[in-house]
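Single chain ahead, written as structure tokens, the form predicted on its own.
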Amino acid sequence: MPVNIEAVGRAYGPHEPYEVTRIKIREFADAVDARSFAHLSEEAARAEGYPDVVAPTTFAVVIAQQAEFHVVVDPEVGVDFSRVVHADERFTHHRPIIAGDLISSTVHIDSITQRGGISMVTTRTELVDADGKPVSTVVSTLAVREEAS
């Protein structure tokens, strides 16, 4: 069964704030082999002009994927996660993510296109800080294979 195209325009959130910590940043930096000392050391980050340890640019995906989970588990959308392949991920950063940030997320289903037995589901997750100011926009596309008839 294909993904429900009537889900386009739905929004989920804002979700409970994600607390960005130095440990989470360091673990992510290690996992993606980000080598800047500004990801690891407060002193190095401050020397580069940041108030605290700064996250690698792709760290926003950690928060965005938690929000996108709400789309995947919504039975009215109809995404069968066992049939998903991640197709695309794009980031627009409005400011760096820094240790100590509390970031809330809202995910929007921007489009669903279907052809050749595949539904392409594009979401946009808006990340904002505790003051409601934009931090990052994450656009993600999932390819969802339909079951063979």
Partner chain sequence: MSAENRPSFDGLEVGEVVAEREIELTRDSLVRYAGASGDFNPIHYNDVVAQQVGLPGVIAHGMLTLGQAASVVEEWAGPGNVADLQARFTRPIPVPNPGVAVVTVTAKVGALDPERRTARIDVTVDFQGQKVLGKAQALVPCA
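Nothing here was measured: the structure is a model prediction, and the numbers come from that model. Residue numbers count along the first chain shown, from 1.
Beyond the structure shown, there is the form predicted in complex with its partner chain, which is absent from this document and is the topic of what follows.
- When contacts are defined as a non-hydrogen atom within 4.5 Å, all of Lys24, Gly49 and Ala87 contact its partner chain in the predicted complex.
- Within 4.5 Å of any heavy atom of its partner chain in the predicted complex lies no heavy atom of Leu102.
- Using a 4.5 angstroms threshold between heavy atoms, Ile118 stays clear of its partner chain in the predicted complex.
- By the criterion of a heavy atom within 4.5 Å, His70 is excluded from the residues contacting its partner chain in the predicted complex.
- Though the partner is left out of this view, Ile109 does not reach within 4.5 Å of its partner chain in the predicted complex, counting heavy atoms only.
- Residues from 94-132 that approach its partner chain in the predicted complex with a non-hydrogen atom closer than or equal to 4.5 Å are His94, Arg95, Pro96, in the order they occur in the chain.
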